[in-house]
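Shown next as structure tokens: one chain only, the form predicted alone.
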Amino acid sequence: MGRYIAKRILYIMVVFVLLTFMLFSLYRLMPANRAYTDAKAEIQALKNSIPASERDTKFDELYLKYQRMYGTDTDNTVILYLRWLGVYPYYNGKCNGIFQGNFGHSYEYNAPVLQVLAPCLRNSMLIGAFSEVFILIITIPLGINCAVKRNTPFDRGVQAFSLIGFSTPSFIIYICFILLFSSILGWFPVSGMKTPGSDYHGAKFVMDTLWHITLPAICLIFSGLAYNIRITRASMLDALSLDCIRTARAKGLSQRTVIYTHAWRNALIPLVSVFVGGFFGIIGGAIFMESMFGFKGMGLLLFNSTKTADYDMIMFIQVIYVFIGLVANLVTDLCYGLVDPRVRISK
């Protein structure tokens, strides 16, 4: 097991370098030049104290200064990428990249990337974990019961419900829920993460936050139910048709033992990637939900950063997505070995 994990970690490192280099090369094509913008701003501030004949020369000096400061004083993409990682020195001979804790500077927010990203990541993980737990709590029993009670009114009703949720665009669901629970019933606020003007602490702060994230969480849960119910039902139907399940029933085992001990264990095999992917996917955020509810999460941050060409912010968010995807694949493979004894991952 340890040897396998070590090999996979090495594989993750290689793929991470390749993917991030591709992303770095791609985002370099964006029309954003922080050194030029800062040099232009400074020359504008000094234009009254500098003769017109010297402004171009002064601008070139400032532009070179900022290029060296940001490590962009070369057009070599490989060198720029290595500087971004923190393994190749800047003009002053020092390394200042990711390995040194420098994740970039958000030009839009005029703050370090990590400082801007940390609360958004926390918000996405909070509502994502809350929603994903409830999705699993609801979909697993429903999917199992639909498979066991196949073609009954209960099964048809749940399938009709899941079909509606699966075929309805998510933003339509959000609009309907806002109309019902906020405009008509007035149970939840329309947007935001706290009551405007409030300065709650302790239990009041927790309750106020939960009140604001409940409706977005309900929307995410409803949107995720349909797919998970259908795939859980289909996987359980396949498991119930296996010969080992017929043998277990022929031996006289109880229905509960057959379903939850034998059939469910086999049904989990194709569901592992769905469940693991769902938990790792919570970090990515939900652009539609966050935009409509004014929820400051990763999805909305990425969307706004793309509009404003905030290069460092976009790049670091994409790096997080790449890393999470690679780790999720490793965790999924390890879970396969735990769920299915026939899978051996020691080699």
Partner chain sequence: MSNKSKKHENIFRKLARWFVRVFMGLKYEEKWFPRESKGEDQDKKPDDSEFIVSPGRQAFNSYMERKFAVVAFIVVIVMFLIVFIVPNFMPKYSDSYTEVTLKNLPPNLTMMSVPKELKNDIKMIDSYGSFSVGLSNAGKVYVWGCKKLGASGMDVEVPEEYQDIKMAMVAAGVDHVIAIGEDGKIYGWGSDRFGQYGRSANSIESSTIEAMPEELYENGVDVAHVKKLTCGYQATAILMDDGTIYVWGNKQTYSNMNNFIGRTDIYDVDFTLNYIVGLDSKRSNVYTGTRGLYDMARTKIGGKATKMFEFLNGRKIDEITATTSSVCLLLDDGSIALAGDFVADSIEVPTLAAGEEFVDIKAGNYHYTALTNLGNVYSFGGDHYYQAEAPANIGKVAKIFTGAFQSYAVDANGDYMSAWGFRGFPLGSDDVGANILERMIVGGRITMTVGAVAVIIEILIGVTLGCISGYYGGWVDILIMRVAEVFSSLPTIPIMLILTSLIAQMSLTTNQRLFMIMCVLGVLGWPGFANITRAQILVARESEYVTAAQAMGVREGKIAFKHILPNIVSVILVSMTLSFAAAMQTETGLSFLGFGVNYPQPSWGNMLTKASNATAAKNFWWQWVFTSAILIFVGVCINTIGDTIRDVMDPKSSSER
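Computed from a prediction, not measured in an experiment: that's the story for all the values here. Positions refer to the first chain, counted from 1.
Separately, the form predicted in complex with its partner chain exists; it is not shown, and the next lines address it.
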Which single stretch, out of 33 to 41, 46 to 54, 314 to 322, 60 to 68, brings residue heavy atoms within 4.5 Å of its partner chain in the model of the complex? 314 to 322
Its partner chain in the model of the complex reached by all of C95, F103 and K296, non-hydrogen atom within 4.5 Å: no
Any chance N110 has a heavy atom within 4.5 Å of its partner chain in the model of the complex? no
So in the model of the complex, is its partner chain close enough to V15 to count as touching (4.5 Å, heavy atoms)? yes
Its partner chain contact at Y27 in the model of the complex, heavy atom, 4.5 Å: yes
Any non-hydrogen atom of T261 within 4.5 angstroms of its partner chain in the model of the complex: no
Only hit among C176, L210, C244, I137 for heavy atom within 4.5 Å of its partner chain in the model of the complex is C176
Using a 4.5 Å cut on heavy atoms, which of F188, F275, F171, Y90 is close to its partner chain in the model of the complex? F171
So which residues in 300 to 330, when you check its partner chain in the model of the complex, have a heavy atom no farther than 4.5 Å from it? L302, F303, T306, K307, A309, Y311, I314, Q318, Y321, V322, G325, L326, N329
